[in-house]
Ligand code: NAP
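Below sits a lone chain in structure tokens, taken as the form predicted on its own.
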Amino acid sequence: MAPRALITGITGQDGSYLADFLLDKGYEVFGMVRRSSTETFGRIDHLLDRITFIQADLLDQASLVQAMEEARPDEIYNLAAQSFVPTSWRQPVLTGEFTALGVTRMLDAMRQVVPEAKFYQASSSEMFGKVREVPQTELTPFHPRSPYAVAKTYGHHLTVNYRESYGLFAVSGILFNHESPRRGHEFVTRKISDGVARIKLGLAKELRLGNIDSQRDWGYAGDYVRAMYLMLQQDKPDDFVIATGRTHSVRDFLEIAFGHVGLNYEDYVKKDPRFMRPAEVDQLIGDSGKAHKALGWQPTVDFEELVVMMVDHDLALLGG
């Protein structure tokens, strides 16, 4: 019988890549979706006839219990969250409900219905925030610097707590920034690749950004969902940092993206104070040594390849 996986956040970047990956491995995939006034299935249009959708909501405990009963999953991937950092200052309570308490509701529904299943929690490098050491490992203390990061930290600790208290197979992947052509337009990387394509095609004249000296450890989302899967194939549950171990600035991203289409970013990028964060995180750079050793995981797409992939995709999307 095919293994069964339940994915929350299946319509997002990571959920769509994970669904692709698990279907290729012969899984039966169940996708949890919220009822909303506008259905956003764009990233999984090509998979609609291969996924069983279940309506449920991280804010509604009863719906999660029903989802577990319907799917009877062997593996649960909790990727749903309010995941955009700037929004978390505007909507801190809602962010806490989805990104923190949503994890509690998921774990408790699992404990009640399918305690033998394996659970993956999407943790975030943003939890490190004001970093205590560089690079960051699984043992680096957290100092979250946004309501989003605080909520993710709660979800992370709660996953550990349910593992230790109830003996559940529950793991957290502390994933550093990971991008792709399926990234949402509100994220700086996709904003840049889309902006470059528009400027190159004469559809826009400038690109407005916040702090372009901000540095991140950026990888490819397709590589990172493979790490999620590998964590749930282990004999014992454990938490892992997933990162490339290399850091780049937004400025580096701009140089490669504009350079790829024969333009100089300095001619088009304008600094806009509206996009500055109230509290910036320091140098986020991850040490994935544990994942390399225990999971045999390695990234396959480097930074430059990622930027070019995103720009080429947006050029094609806009008709270039």
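Computed from a prediction, not measured in an experiment: that's the story for all the values here. Start at 1 and count along the sequence shown; that's the residue number.
We do not show the form predicted together with the ligand, though everything after this point is about it.
- Exactly one of the stretches 294 to 302, 8 to 16, 21 to 29, 308 to 316 approaches the ligand in the predicted bound form with heavy atoms within 4.5 Å, and it is 8 to 16.
- Heavy atoms of F240 never reach within 4.5 Å of the ligand in the predicted bound form, leaving it off the interface.
- Using a 4.5 angstroms threshold between heavy atoms, A80 counts as touching the ligand in the predicted bound form.
- For the chain shown alone, F98 is a contact residue for the ligand in the predicted bound form, at least one non-hydrogen atom being within 4.5 angstroms.
- T244 falls outside the set of residues with a heavy atom inside 4.5 Å of the ligand in the predicted bound form.
- The partner is absent here; in the predicted bound form, the one residue of S124, S88, Q136, T159 having a heavy atom within 4.5 Å of the ligand is S124.
- Residues in 218 to 248 all lack a heavy atom within 4.5 Å of the ligand in the predicted bound form.
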